[in-house]
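Here we start with a single chain on its own, the form predicted on its own, put down as structure tokens.
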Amino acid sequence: MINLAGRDILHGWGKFVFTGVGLGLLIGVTLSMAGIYRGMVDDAQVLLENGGADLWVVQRDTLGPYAEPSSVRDDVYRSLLGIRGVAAAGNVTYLTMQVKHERGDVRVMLVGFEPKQPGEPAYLVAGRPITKSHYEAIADVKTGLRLGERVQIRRHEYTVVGLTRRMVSSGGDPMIFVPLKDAQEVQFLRDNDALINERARTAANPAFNRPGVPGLLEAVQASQASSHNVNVVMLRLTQDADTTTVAGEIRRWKHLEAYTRAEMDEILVAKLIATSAKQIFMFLVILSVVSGAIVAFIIYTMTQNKVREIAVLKLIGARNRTIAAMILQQALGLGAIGFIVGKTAATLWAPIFPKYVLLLPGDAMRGAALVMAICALASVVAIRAALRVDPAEAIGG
């Protein structure tokens, strides 16, 4: 049996292979889009996993701290430790910001944490943990910072004493960990000019500057120069504790919101990245349709160029299903070349992307099946055209 795909490879291998490479690059883009979505989901799950918490306690009626702003007092953890089943509690702050270092600036999520409490970096790949109360930092390797390097965060410089890996926000920004007090100062306190203006306003307010109440103005101004808020209190529970029960007690008696791991995962995946996921899905649909149209056009054109050969086959008695099988084989061969090229390209350029691209074997298998299905459907037009070829065209009729 004459194989049309084999004939194209033998007599026009350059055209066939380059067509497959072009299709492969399009498939590579499609696989990369799927990998970007997987990377976003993985970033969200890693964010929850690295905190080492079983419960996230945030401001009431908010989805904080990752999806909405949340502010709770930093002494709340004392009362939370009194709840049965709570083993450890850690105050944590989050702030996405731009920081400067010697070789430029980088966008990061600044994390304030307490040593040996939930919220601390799970592991280090180099350096040591933070041992001083101020001006030391642990950075994710994705920030490009090195051990011993100094980084400018607002008014102060911090020395990088440790490096960690895969510590990123739900948006993919690498994290920098600093002591909690430093992070509170960065996030909640005003700069010097704003403090001076605020003190002047307070002094001009007769409610705070009463002649008969000495010390009131100083107390109010001192409260403005300090911060005792955090974004979330992370709780680690004992092994026999039930997370749902503990969360219910916190909501009922502490007037705060408490989320379990499953609920935070739902917030991050179903709410925070839902819009991005829908957008990526639309891109995948469009790319699939474009890929199918391109394959259909290529197969149809290649079939039209072999009208005389197909007519000869019909003239010597070849059945329609034999001709259809040959064209289908040609389409599937083109799809196989395209998928191999696309998978290789997506694997090679994935590390170059600024955000994490996660290529799962399961997605690759589903992608291969989808490519073959699209190629099979795209060959229908060419098969119908081939079956309408008149055998008389073999002798110029």
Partner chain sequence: MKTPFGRKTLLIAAGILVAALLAWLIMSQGPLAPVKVTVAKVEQGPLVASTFGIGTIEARRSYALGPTFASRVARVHVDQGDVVKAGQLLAELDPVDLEDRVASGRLAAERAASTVRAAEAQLVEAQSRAKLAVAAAKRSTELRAQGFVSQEAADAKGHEANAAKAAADATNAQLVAARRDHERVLADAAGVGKLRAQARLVSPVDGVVSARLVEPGTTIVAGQAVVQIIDPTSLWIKARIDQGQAGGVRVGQPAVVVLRSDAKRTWPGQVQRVDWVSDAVTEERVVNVGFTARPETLSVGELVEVTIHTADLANVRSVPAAAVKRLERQDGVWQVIDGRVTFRPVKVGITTLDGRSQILDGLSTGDEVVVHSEQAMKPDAKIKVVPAIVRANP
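Quick caveat: nothing in here was measured; it's all calculated off a predicted structure. Residue numbers count along the first chain shown, from 1. Rigid core: the largest C-alpha set superposing within 1.5 Å between the two forms.
There is another form of this protein, the form predicted in complex with the partner chain, and it is not shown here; the text below is about that form.
Partner contacts here mean any heavy atom within 4.5 Å of the partner chain in the predicted bound form, and among 123 to 131, 287 to 295, 305 to 313, 194 to 202 they occur only in 123 to 131. Y77 is the sole member of Y77, Y259, Y300, F113 with a non-hydrogen atom within 4.5 Å of the partner chain in the predicted bound form. Think of it this way: in the predicted bound form, the partner chain has a heavy atom of just one of Q329, T347, T62, Q45 within 4.5 Å, and the residue is T347.
Taking the partner from elsewhere, I273 is found to have every heavy atom lying beyond 4.5 Å of the partner chain in the predicted bound form.
Contact between F208 and the partner chain in the predicted bound form is not found at the 4.5 Å heavy atom cutoff.
By the criterion of a heavy atom within 4.5 Å, A222 is excluded from the residues contacting the partner chain in the predicted bound form. Taking the partner from the other structure, the partner chain in the predicted bound form has a heavy atom within 4.5 Å of a heavy atom of L147. Residues of 138 to 160 lying near the partner chain in the predicted bound form, listed in sequence order, are V141, R146, L147, R155, H156, the criterion being any heavy atom within 4.5 Å. Once both forms are fitted on their core, the CA shift for D242 between the shown form and the other one remains under 2 Å. Relative to the superposed core, E102 shifts its CA atom by less than 2 Å between the shown form and the other one.
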